[in-house]
Each structure stands twice: as structure tokens, then as C-alpha cells.
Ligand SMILES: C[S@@+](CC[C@H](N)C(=O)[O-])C[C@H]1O[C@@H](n2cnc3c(N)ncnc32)[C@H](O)[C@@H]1O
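Encoded as C-alpha cells, the following chain is the form predicted alone, with no partner shown.
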């Protein structure tokens, strides 16, 4: 598992394992993820034991599976000690079959990057790192509440390139007062760092975040819909020209460098969700079970130590719910949705009038007889397209 060549993408949904490390050095003002700041050292050994205990319970629910990807997300997983990462990966291999060469990704923030720690993660088995760079100018990094500056980001990118076989980093656009020309220059600079995968997200104002309060008070103005659309279109044009076309609405990769784990989500595969606030989807017989765990880290850990897991909710999804989720996730992908799978779950065909309307207006297109996908225009109104087709 440690240093085998990465297995090729088979195109199948697969089975992923997601482990959530919920701690951050600081909370970004735009972030609504389940992340928490602790001013005292976290008891990593205790949390590691909690992850392993919850894995055992989830393994009973999932049955034997072959893992196709592992993702250590957060929070800031790069705050973990390499020994913690190693224990987690060894635990996954104990409970499920983990072939050599599967993708094992860790999220990292440039402010918490150290060469020695990166080498420790690599030795533990991590073969892909995803860096939360977010911007390539210090002014906007400060606005976004990041703890790193551009120099830190470039250092982290170089280290990741030197140590890991695969690397991606995130950028946020549609920032206040951002012009298309500014974004194009920043994006082209990003390509100069020899990346093979980029995640490019539009800044969204999420309820419950500091940015939400500022926006509501009129103190934070983000680009309107027309400007956001121009920024999105520029993003697609530049990334395609640079050989990293979008394979998902916000993710771009050279062919073969797509995130295997995220493809599992979008192809509506199964995944085990381990840790505070983690979600999962597990197929049992003909049904799919949705799982969700306690979000607060200490409460989650207390539950795991008492009950063997931190799950607050398990829900059996009916076929119609599964069909809706398949459509919602699959239409995010350039490869689109397998219609025969959707029809099998929903027990019906697409409404011909709704499909014809969307086809005529250039929002969707058929790929042969078996697949349906959004066009670039459809991606701009993705939620509306999904809602129309799901009815």
C-alpha cells in the first residue's frame, strides 16, 4: 500500500473511506465546515482510538468491502502527527481490504506544512495532498482569514510536489471587487506551478459564518450573478486551454489525475464516514443507508467510547431518494449520469416534456443512449436543471 503505483480509474463508483479531523488553528470567516479551534493540545492518541472504534462499528454495517480511495479531510488534517495518520490508515486496512496503489488523500493548510511532517505522511501511505491555498495574493489571503501568506503557499506547493506523487490545491474566486482580468492572471500563475489538479470554488456566503453577518449588513459585497457567470466562463476557458478541463463543476484535472475519492461521491458510490460530523452512504442488500455523526468533537468521542460509534442518525433511503441523489451528484460531472441506473432506481423514465425543454434550450445533452449531462450553460443553473429533471 505504501509506495505502489496508483491504480487506474475503472469508471466504477467504488467504495471510499472518509475520516474527518475536526480541528483547525483558526476558523476562516467564510467556512461552514465542521471545524473547531482548540487552544490546548488535542489528545491525538484518544481521538485515534476513537476513529478505530467507530471504524469497527461501520465495518459491521458495511460488510466486507474493497476500498478504492481514502480521504483525510477536515478541519486541518495536517495538524495530525504522522503516527496518528499511520494508525488511522492501518485501522482502515484492518477492517476492509485495501489494495496496493489506491489513492490516499490528505488535506493540508500551507500554514501547518513542515517538510519532516510531510515525509512522515508519505511514509504512512498518503500519496496525494490537497492544499488549501485559496488565493495567490496576500491582500486576499488576509481578507479570507488565512494564516499563511503567498510565500508559505509556494513553499508548501514545492514540498508537496517533491514528496507526493500527486498534488492539488484550492483557489477561491468571485471575491469582492475581483475582475475577470485579475482572476485570469491569478489562474495563469497557478498553472505555472506545474499542477495536474485544481479545485476552483466560487466564494459563497454561508449562513452562520462571519461573512454572512457582514454581507447581510451590507459591509461585504460579492460579485453579482452576471459577474460571477463571467468569472466562471473565464475559468472554464483558461483551464481547458491549459489542459486541465473541468471534470466536475468546480474541479479541473489533466486526464487521469482526477480525484478518485471525490468521483466516488459524484458517481454515487458507497463511502464510510468516520469522525465528528462525517456522513456516509452504505448499501445493505437492495437499500442504501445514510449515516451522520455527532459534530462536536468531544461529544462525538464520548459517544464512541460509550457506544462504539458517534452516529446520531441512520436513515434508510428509498429508491426515489437514491435516484434524486444520483441525479444531484452525477449531473455535476462532465461524464454525466448513467440513465439506466437512474431509471432502475426511480422506476420511471425522465419526463419527456421537461427533458425536451432543457435539450432545446441547450442546458443538457445526451451522450449516446445511456448517459445524460449538463452543458456548460446548464452548469451555470445546475440546481434548476436537477430540480426540473427530478420532478
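Worth saying up front: this structure is predicted, and the values here are computed from it rather than measured. Positions refer to the first chain, counted from 1.
One more form of this protein, predicted together with the ligand, exists but is not displayed; see below.
Asks: Tell me the stretch among 277 to 285, 303 to 311, 175 to 183, 105 to 113 that has any heavy atom within 4.5 angstroms of the ligand in the predicted bound form.
Replies: Of the stretches listed, the one contacting the partner is 105 to 113.
Asks: Could you work out which of 89, 246, 203, 234 is the residue within 4.5 angstroms of the ligand in the predicted bound form, going by heavy atoms?
Replies: Among 89, 246, 203, 234, a heavy atom within 4.5 Å of the ligand in the predicted bound form occurs only for 203.
Asks: Between 122, 267, 197, 146, only one gets a heavy atom within 4.5 angstroms of the ligand in the predicted bound form; which residue is that?
Replies: Selected option: 146.
Asks: Verify the contact flag for residue 326: yes if a non-hydrogen atom of it lies within 4.5 Å of a non-hydrogen atom of the ligand in the predicted bound form, no if not.
Replies: Flag for residue 326 set to no.
Asks: Does the ligand come within 4.5 Å of any heavy atom of residue 170 in the predicted bound form?
Replies: Judged by the heavy-atom cut-off of 4.5 Å, residue 170 is in contact with the ligand in the predicted bound form.
Asks: Within 4.5 Å, heavy atoms only: does residue 30 come near the ligand in the predicted bound form?
Replies: Although the ligand is absent here, residue 30 would touch it in the predicted bound form, with heavy atoms inside 4.5 Å.
Asks: In the predicted bound form, is there a heavy atom of the ligand that lies within 4.5 Å of any heavy atom of residue 297, even though the partner is absent here?
Replies: Outside the cut-off, so no.
Asks: Could you list the residues in 128 to 158 that come within 4.5 Å of the ligand in the predicted bound form, counting only heavy atoms and keeping sequence order?
Replies: Read in sequence order, the residues that approach the ligand (within 4.5 Å, in the predicted bound form) are 132, 134, 146.
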